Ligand SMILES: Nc1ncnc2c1ncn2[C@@H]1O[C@H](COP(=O)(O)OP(=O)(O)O)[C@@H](O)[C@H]1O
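Shown next as structure tokens: one chain only, the form predicted on its own.
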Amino acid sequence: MLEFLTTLARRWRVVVTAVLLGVAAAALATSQLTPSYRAESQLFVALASTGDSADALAQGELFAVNRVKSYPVIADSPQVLEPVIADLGLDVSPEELAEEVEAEAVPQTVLISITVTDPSAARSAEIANAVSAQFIEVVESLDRVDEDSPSPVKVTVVRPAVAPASASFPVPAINLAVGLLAGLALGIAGAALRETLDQTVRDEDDVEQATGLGTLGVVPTNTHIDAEPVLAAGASDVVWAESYRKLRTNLSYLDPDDPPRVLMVTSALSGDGKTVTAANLAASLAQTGLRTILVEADLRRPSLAGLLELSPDVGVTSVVSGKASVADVTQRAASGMDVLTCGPIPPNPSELLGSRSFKRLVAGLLETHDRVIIDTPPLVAVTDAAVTSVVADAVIVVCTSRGTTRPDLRRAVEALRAVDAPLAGVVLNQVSLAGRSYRQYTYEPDERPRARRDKRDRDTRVPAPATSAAPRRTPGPGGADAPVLDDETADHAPRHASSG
């Protein structure tokens, strides 16, 4: 049941769309149907004359009841309908009119109901009354022994037909209800079918089922990604920025005593966000004070220079080919980390990344930096990432929620396992925070009036000793006196983050 409700929650758009289409189709069909009106008259059948004894009355009643059972078939006979057509001037044949007339004997009574269905409300009542009148004449004439003798049966109209106020068909409420139920059923069936056929990765459970790996981080969709692709202080999307800091923390717990220093970032397919993830991971590490360098090993379709607004002319290929030193081509990004862009695109990327020169490059970077982040091409398309993984301490695979398919993610991880790559886990990118599985803390500014906050601070602050009205001074660096702040002075003093 829980899985069924989860499926409906995920595919609610399919269900709602089907319901709306069902109701709209029912409304359209109702508007196109020709309305029909039903008018009903009721007749009472009795013996014209009976004896005064109880036996005679009982026999007369039994006779009438038995007789009534055979009368309804007469109501739509030509003997009844032809005079009605002539009297009312109807442009129909007796057979066509018979389709509109319905007669029924009420069980266990001597009552007969004659119902006429017609597109016109007034005409349905007119025809019903005309049929009733002619029906009485035909019945009484049929029951006469001879033409001169009176009929032993007397038929009387007890309830003449009146023009109905509303159509009997179609009934909009019923049609709309049927359309709603049909749409709901089709929507649920469509949602279940789409859920079955959907092979995309949606959440952490799908990641684990497809790869057997855990999820290192969940990165939400960022509407400001085009303006701010790499996180910085005061990021517009606080939750998005915090997700990379959580990723940084999770990586540090892979081995707290010896955390991985060379982190390789890749993905199954192009467009999963591996380059943005690598850049933001490097930026978050640099913000902690770690000397971090971001290396672009995607030598086929490099995009790091454009993302960070750096020069693409020199970089990794320049160093590996011996045309430049690392110091010559290293650039500093605005977010605080060093960057080695791709440089000139080589004709043989896989061979270059698997060369001893590239391994020496990474080893040299570890002597000058605390962390090395390597951005590599997608795994399903080329083998460059698998080749590069030999220099990594941990490999991170990026996939897109509702974008990357489970088979593609599985193939990417299997390619890394084939070369014994040190798989760390998966980063689930572009996750919608509307999903019930993802709830994160957000930070809201204190919007209380300033006077109220100041009053609360004065009420709760511990008073300072009278002798400390002026700040005390102690010898500072270089012999200069530095003020020693008491509690009240420190409460309003600026606080500076440590450089570490």
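The structure displayed is predicted, hence computed values, not measured ones. Residue numbers here begin at 1 and follow the sequence given.
Beyond what is shown, the protein has a form predicted together with the named molecule; the following relates to that form.
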Problem set entry | Distance check, V219 to the named molecule in the predicted bound form, heavy atom within 4.5 Å | yes
For this session: Answer with yes or no whether G306 is in contact with the named molecule in the predicted bound form, where contact means some heavy atom within 4.5 Å.
Result: no
Exercise. Is K274 one of the residues lying within 4.5 Å of the named molecule in the predicted bound form, judged by heavy atom distances?
Worked result: yes
For this session: Tell me, yes or no, whether W240 is in contact with the named molecule in the predicted bound form, where a contact means a heavy atom of each within 4.5 Å.
Result: yes
Seminar exercise, completed: From E96, D420, D328, D226: within 4.5 Å of the named molecule in the predicted bound form by heavy atoms is D226
For this session: Only one of S321, S270, Q79, T200 comes within 4.5 Å of the named molecule in the predicted bound form by heavy atoms, so just point that one out.
Result: S270
Exercise. 424-432, 86-94, 174-182, 408-416: which one contacts the named molecule in the predicted bound form at 4.5 Å, heavy atom to heavy atom?
Worked result: 424-432
